[in-house]
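Heads up, the chain below is alone and in the form predicted alone; it's given as structure tokens.
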């Protein structure tokens, strides 16, 4: 019998739908019953994670913990969260539940390090970068994070908020592609799409070096755990 996955979602909504669609598409299934059972808390009312990390607003840990404990009570055997930045509160979640919480950051860095990359460009939002989530994980794995300038980060954030608003104009995808190329010019030999909005507008083959989608890697890990794949 498949293990039940609990999904903390809605952060943002379209990124969660993208994750779920890829999860269904990536599951080896010939009938409905072959798919993974999911319990999903799609909660877009969680306040801005970037403001919380920067100290401009209260911590969002209570809301995330409430989601996690609710999923555990409902029968989830393990938890995943479709938002990189919200992983700044991962330890609060882990402390509140007894089931495993699978980190999208750890899963992504494991894949990058296993491929032998050492100079890794991190395409992530300001809260994620301010919390040092990828920088610390990459350093622990023997890799070095290549980051945007402050101006480039602000350009990225403006594009992300347009994506969250439902915009899909060509200048958004081209703008993010240029930001990816900038990291390569700065020495990155691989890129991490460390924001779940990025796959909505940028395909992996659009990058000049290998692009590791945190969404896609979390999808595969979720499938592997739920199906008991080693």
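For clarity, every value in this text was computed on a predicted model and none was experimentally measured. Numbering follows the first chain given and starts at 1.
Not on display, but discussed next: the form predicted together with a further copy of the same chain.
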Q. Going by a heavy atom distance of 4.5 Å, is residue 178 a contact of a further copy of the same chain in the predicted complex?
A. no
Q. With the partner left out of view, is residue 26 within 4.5 angstroms of a further copy of the same chain in the predicted complex by any non-hydrogen atom?
A. no
Q) Is there a non-hydrogen atom of residue 201 within 4.5 angstroms of a non-hydrogen atom of a further copy of the same chain in the predicted complex? A) no
Q) Is residue 210 one of the residues lying within 4.5 Å of a further copy of the same chain in the predicted complex, judged by heavy atom distances? A) no
Q: Kindly indicate whether 14, 33 and 40 are, all three, within 4.5 angstroms of a further copy of the same chain in the predicted complex, using heavy atoms.
A: yes
Q) Only one of 172, 46, 65, 184 has a non-hydrogen atom within 4.5 angstroms of a further copy of the same chain in the predicted complex; which is it? A) 46
Q: With a further copy of the same chain left out here, work out from 120-128, 133-141, 67-75, 97-105 which stretch has heavy atoms within 4.5 Å of it in the predicted complex.
A: 67-75
